[in-house]
Structures are given as structure tokens and as C-alpha cells.
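In the form predicted on its own, a lone chain appears below as C-alpha cells.
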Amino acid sequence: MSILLPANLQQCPSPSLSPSTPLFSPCPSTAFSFGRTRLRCLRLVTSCVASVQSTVANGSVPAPAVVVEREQIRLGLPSKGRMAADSIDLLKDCQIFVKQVNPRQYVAQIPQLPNTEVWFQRPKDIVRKLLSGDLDLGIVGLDTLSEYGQENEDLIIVHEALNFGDCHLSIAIPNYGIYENINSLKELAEMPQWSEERPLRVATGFTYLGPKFMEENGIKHVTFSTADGALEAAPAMGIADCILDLVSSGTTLKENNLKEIEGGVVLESQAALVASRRALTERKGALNTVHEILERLEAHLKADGQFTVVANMRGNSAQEVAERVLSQPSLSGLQGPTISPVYCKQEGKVSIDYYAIVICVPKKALYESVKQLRAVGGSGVLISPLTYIFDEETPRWGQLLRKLKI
């Protein structure tokens, strides 16, 4: 096991201890000197710890730490809530089973990936620990990644769309009073009420993305107040003019007499697989582990909502049947239909009167595809859901290698 110190702790300066000052006095007669030296050391450590605590408290991104040797690859998963359950379910659907002996434990194993262990953390701590080197991979929302990662180049998105945790970060204003006829960000910014003495007050927990968004849109005279939870009450209480928060269905906003405005969406978000660039390039086994996880994820997500449709069709040749099938817009499948002969035995002889058609169809086009098959002579239609679709190579794997310049 190796100990990894954040860079700001490793490099913390000592104003009272010069490089030439010995840490320990070799002579017993210099006990007083030793005591003063020990006091200096205590002050040094206290100062460094205070510096690290201040960094974490202020939400700023710690300086990158050096990757140290350890045997296990660490995957960070959300510890509570819907994101936690959905992360576990997705991995399970990909035949990656997280074995947690006790639900109160923060560490779990993955039998299918014996070199990988799972650490359950708060989403924002997953991002911070990816940066500090304590985690190598993680599943978090893109909103959390953007807020706490702050575009750090060491954070690399391996898969940006895991199909859960969908939401968006948006500005919402009251739908009554002076805001009743305000329907866009431009109109909100141009309201005469805002000035340097009386700025637009925004309540939010996104203290990095919020100011960045306002600055990029050229909006001045704005101030932010930090808050966690129950933001919808802030305008009614008179402590904010609007809020900047995550929105899923929008029901909570409506129930609190708030509305979204045109141009007020800061970020579209869903769950993503994220990694440390340093870990992928420097930690032994990390890249191979990511490759396997990515292949399983891509195969399952590509198959999600897809169905295999099989039907029999009379015809004189596979070519003729293929032409009939491809004349219908919903029957092309992923790369085209598979046509194969159906061998029948009649009067002691083997003959080919039917051909079997196999296509892959998305759920939303399923019934339309069945109707089109019947229209061109298909019968005995069988339908079954797909579990995995493995490509020759996972597309995002090539993208990842290019990002890593490998």
C-alpha cells in the first residue's frame, strides 16, 4: 500500500523552518531547542492541513497528485439515491456484478473484474478523488463532473450517455409579479430593476457553472447565494430573484409557481463513465479494465430497446425475397436483413419454398415493421428482445485512444 498526498500538502511551505534547521537536536542538552523545533513542525503540519481543508471547503479543485503504485483499479459509484441504484442495475445488466457483503460497507468487489474494487462515495467526492488519484474510474452525472471538475484536463469522459440520470441544469423564475411576462434569459437580463447596487440574485448550489454561464452570456449585475435543497422556496421567501437548479420533469417548479425560460438551460446532463487520464496512461491494468467495461456497456446500451424479428416468406430465391423486404422502409435492420433458406421435405424430397428473414428493429418501430413484413408476404413472425450487440470494435474505444494520444 502506498500513501498519496495531495500536491498542495506535499508542497506546503514552512515560513518558520528553514532548510538548514535540523528537525531533531542530536544533543540531549538542547531540549529547549528541540521543543521549539517540534513546535515549528507542529505549526507546519497544522498549516498544511488547514490549507487542504480550506481548499475542500471552498469547492476548488485540488492540484493533481502523482499516480502511485497499487494493485487494484478503483471504480467510484454513487453511495445513495437513485443514481446509486441505477448504476448498480446498469452494471448488472452488463454482467458486471458488484458484490457488497454489507450495505454499510463503502468497499465492494467485482468477481468479473478481479483487479477492480468499487468505492461508494458522494458524486462530488468521486470527481474530487479522481483528481487526487484516489479513484481511477467513476460514474457520475455530467452536471457533477462539470461543477466539481471545472474542465480539468485530467478528467476524461469514457462514455457520456449511460441512459439514466437524465436532467438539465436550468434557470427558473417566478411566474407571477414582475416576472409574469418574462419568458427568456435576454428579457430577464434587460429588466431595469437590476443594477450594481441591486443585482439579480440567483440561489444555486452550482457556484462554478452559474457564474460561468452568466459571464458567457454577457449578463452583468448578478450575484449568487449558495444553497443546498429546497431552492424552489427561495424566490417566494424573498431571498432570491431566481434559482439555478437541476430539472427532471419540471413538476416541482410548477408546484412552486416557477417557470423555466428560453435560453436558460445551462447544461444537459445524464450519467457518464469518467476516468482519470493519468490513471489510464500510468496505472498498470487500468486501460485494459476500461476496455472491458466499455465493451460490455456499449454492447448492452446499443441493444437496449432493440428487438430481433424473424419471419418466413415464400420466394423463388434469396435475392428476390431480399428485394421485397428492402422495399419497405422499416425492414433494413442494422446492416440489412439476413435471408436464409428454409428446407422442407415434401413427398420424400427436400425443397426450398420459404426463406427466413431476420432483422433488428427498435421498439418504437416494432409494430410498423410487423405490418410491413406481412404486406410483402411474411408469416409466422417471431419477436424477442436483444440483450447485447457487439460491434467489431467498440466505437468509443477508438475515441478514447485518440483522446489519450495512444
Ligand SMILES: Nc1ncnc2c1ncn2[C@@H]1O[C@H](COP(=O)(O)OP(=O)(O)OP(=O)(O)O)[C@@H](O)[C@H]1O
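Treat the numbers as computed from the prediction; the structure is a model and nothing was measured. Residue numbers run from 1 along the displayed sequence.
Another form exists, predicted in complex with the ligand; not displayed. Remarks below refer to it.
A heavy atom within 4.5 Å of the ligand in the model of the complex is found for one listed residue only; from Q121, T116, T144, S87, this is T144. With the partner omitted here, the residue from E160, D166, E190, E216 that has a non-hydrogen atom within 4.5 angstroms of the ligand in the model of the complex is D166. Stretch 136-144 is the answer when you ask which of 310-318, 329-337, 136-144, 190-198 has residues with heavy atoms within 4.5 Å of the ligand in the model of the complex. Using a 4.5 Å cutoff between non-hydrogen atoms, S269 counts as a contact of the ligand in the model of the complex. The ligand is not shown here, and in the model of the complex it never comes within 4.5 Å of any heavy atom of K220.
Within this chain, P111 is remote from the site of the ligand in the model of the complex, having no heavy atom within 4.5 Å. The ligand in the model of the complex comes within 4.5 Å of no heavy atom belonging to S184.
Taking the partner from elsewhere, every residue among K80, M83 and L246 has a non-hydrogen atom within 4.5 angstroms of the ligand in the model of the complex.
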